[in-house]
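Given as structure tokens, the chain that follows is alone and in the form predicted alone.
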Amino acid sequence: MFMRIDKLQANLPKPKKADPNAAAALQELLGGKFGEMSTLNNYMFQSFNFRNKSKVKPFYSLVSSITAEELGHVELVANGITMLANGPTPDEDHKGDISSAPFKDMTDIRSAASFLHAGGGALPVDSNGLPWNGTFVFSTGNLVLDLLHNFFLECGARMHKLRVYETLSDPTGREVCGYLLVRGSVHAHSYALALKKLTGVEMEKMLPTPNIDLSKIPESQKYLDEGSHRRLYTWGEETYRDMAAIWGGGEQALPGDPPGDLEVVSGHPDGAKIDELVGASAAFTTDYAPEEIFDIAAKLHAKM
């Protein structure tokens, strides 16, 4: 089972302006081949299909705990996309004549579907609008092979995050990238250490791949300062703490990152408030005349 918490894993600053094209670029980190939907579903199905889990429990715990974190990564990127697509809280100036083409600018954005289908929301697609698909999932049941794929997947995701970061100037999108670059490095490192335990091959010597220290990413700095690069979370029951046999035991942070012991933390990060999107009546979000819906919701809330 999974437990849902009404917070984001990181605090996202409000965008300076609406930037649907930046949101389209960020879609790569959601629905691209190396996006968060891919990491989530790879690890989730591997955890569901895991063989002999009681006999190799630390490795099962590692994949399972990272699965839970990836659910939050999907949520984080989706929120970043919607915030960028909609911008600061809009003035309610599109409620009048819908025949005046109040959203004519939407014909010029890279992903018109994000507005036409989702009202300025996130979709399970990549930066070109191509749908994410299940053929990206790799789950063989062979532990070494699956972990090797996961290591490759995290390194590919790092490449895409760096490239997307270089296309963005708004603080919202850059914060998403800065946070995920730190946490993605943790996941790549954890799979490298797991492979090292199983095979003796020092995979961690390949990191970071691509070879850019996170100290060069200003938005990553606070997460490095607080030690996020050294932590894995259980995201649930204490039974997952046995992954400390892989992520811990005197193992150290990667060279180039702030030094320190790797540690398993019970539970989850404190998290941050989720930004509340304001509707646009002419886009029928929540509705063209939302007052009745608001009134119904208020009455239902009052009954609680």
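A quick note: this is a predicted structure, and the numbers were derived from the prediction, not measured. Residue numbers here begin at 1 and follow the sequence given.
Not on display, but discussed next: the form predicted together with another copy of the chain.
Candidate site formed by Lys33, Met44 and Ser169: every one of these residues places a non-hydrogen atom within 4.5 angstroms of another copy of the chain in the model of the complex. Taking the partner from elsewhere, Thr286 is found to have a heavy atom lying within 4.5 Å of another copy of the chain in the model of the complex.
Shown alone here, Pro218 lies within 4.5 Å of another copy of the chain in the model of the complex, counting heavy atoms only. A residue is said to contact a partner when one of its heavy atoms sits within 4.5 Å of a partner heavy atom; Pro102 meets this definition for another copy of the chain in the model of the complex. In the model of the complex, Gly279 approaches another copy of the chain with a heavy atom inside 4.5 Å.
In sequence order, Met44, Phe45, Ser47, Phe48, Asn49, Phe50, Arg51, Asn52, Lys53, Ser54, Lys55, Val56, Lys57, Pro58, Phe59, Tyr60, Ser64 are the residues of 42-64 having a heavy atom within 4.5 Å of another copy of the chain in the model of the complex; the partner itself is omitted from this view.
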